[in-house]
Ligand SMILES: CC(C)(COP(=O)(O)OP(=O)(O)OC[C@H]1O[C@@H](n2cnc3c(N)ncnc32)[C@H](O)[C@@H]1OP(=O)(O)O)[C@@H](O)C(=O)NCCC(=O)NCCS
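Just one chain follows, in the form predicted alone, and it is written as structure tokens.
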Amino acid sequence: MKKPFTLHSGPITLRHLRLSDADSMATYANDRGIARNTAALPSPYRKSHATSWLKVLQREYRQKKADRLHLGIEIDGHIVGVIGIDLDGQRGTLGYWLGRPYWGQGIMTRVVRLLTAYAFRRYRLVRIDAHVFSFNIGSARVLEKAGFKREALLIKHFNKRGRLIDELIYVKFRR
């Protein structure tokens, strides 16, 4: 098992996820608005979904796999969201979700800044990109405020439940 990992920004802690986080994850991720805005989160999102995914992460932590870093967003002792970077050579792809009660407070912008700064240093990445559905204006604004620039608009690019969705690609380069 890797040593406990944490990053802090005021009252926000980013840390490795634990099996004991399944209840909190299920509480906050079980929201159609979150599922609508994410590529893979099921709806309804149940504790069994969280537990299955957390077991995969636990196995990767033990095996010290370095191809992705997924962290819980902890506020007041509860996991209220997840952020992660999938690594591919000198490129990373960012993904995240945050529980609705925490939207519009600048939390995700702080978290994105914190994790991307860490990832550029730790993994010597050249670029980090993020894919956002074109209707997800809030997520696009988070990325822009965190220093990402819109790189592309992919028309009818993502197939979600049989519906083709336009996708925006945002990118941030190492300075």
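Just count from 1 along the sequence shown to find any residue number. Owing to the predicted nature of the structure, the values given are computational and were not obtained by experimental measurement.
Absent from the display: the form predicted in complex with this ligand. The rest refers to it.
Asker: Which listed residue (Thr38, Thr51, Ser43, Thr27) meets the criterion of a heavy atom within 4.5 Å of this ligand in the predicted bound form?
Answerer: Of the listed residues, the single hit is Thr38.
Asker: Pick from Lys149, Lys65, Lys47, Arg141: which has a non-hydrogen atom within 4.5 Å of this ligand in the predicted bound form?
Answerer: Looking at Lys149, Lys65, Lys47, Arg141 one by one, just Arg141 meets the 4.5 Å heavy-atom criterion.
Asker: Looking at the partner-bound form in the predicted bound form, is Gln58 within 4.5 Å of this ligand by any heavy atom?
Answerer: No, Gln58 stays farther than 4.5 Å from this ligand in the predicted bound form.
Asker: Tell me, yes or no, whether Leu98 is in contact with this ligand in the predicted bound form, where a contact means a heavy atom of each within 4.5 Å.
Answerer: The answer is yes: Leu98 has a heavy atom within 4.5 Å of this ligand.
Asker: At 4.5 Å between heavy atoms, is Lys145 in contact with this ligand in the predicted bound form?
Answerer: Answer yes; at least one heavy atom of Lys145 falls within 4.5 Å of this ligand in the predicted bound form.
Asker: Test of understanding: in the predicted bound form, would Ile137 fall inside 4.5 Å of this ligand by heavy atoms?
Answerer: Yes, Ile137 is a contact residue.
Asker: Report yes if all three of Ser9, His16 and Ser20 come within 4.5 Å of this ligand in the predicted bound form by some heavy atom, otherwise no.
Answerer: No.
Asker: Hey, which residues along 95-120 are within 4.5 angstroms of this ligand in the predicted bound form, non-hydrogen atoms only?
Answerer: Result: Tyr96, Trp97, Leu98, Tyr102, Trp103, Gly104, Gln105, Gly106, Ile107, Met108, Thr109.
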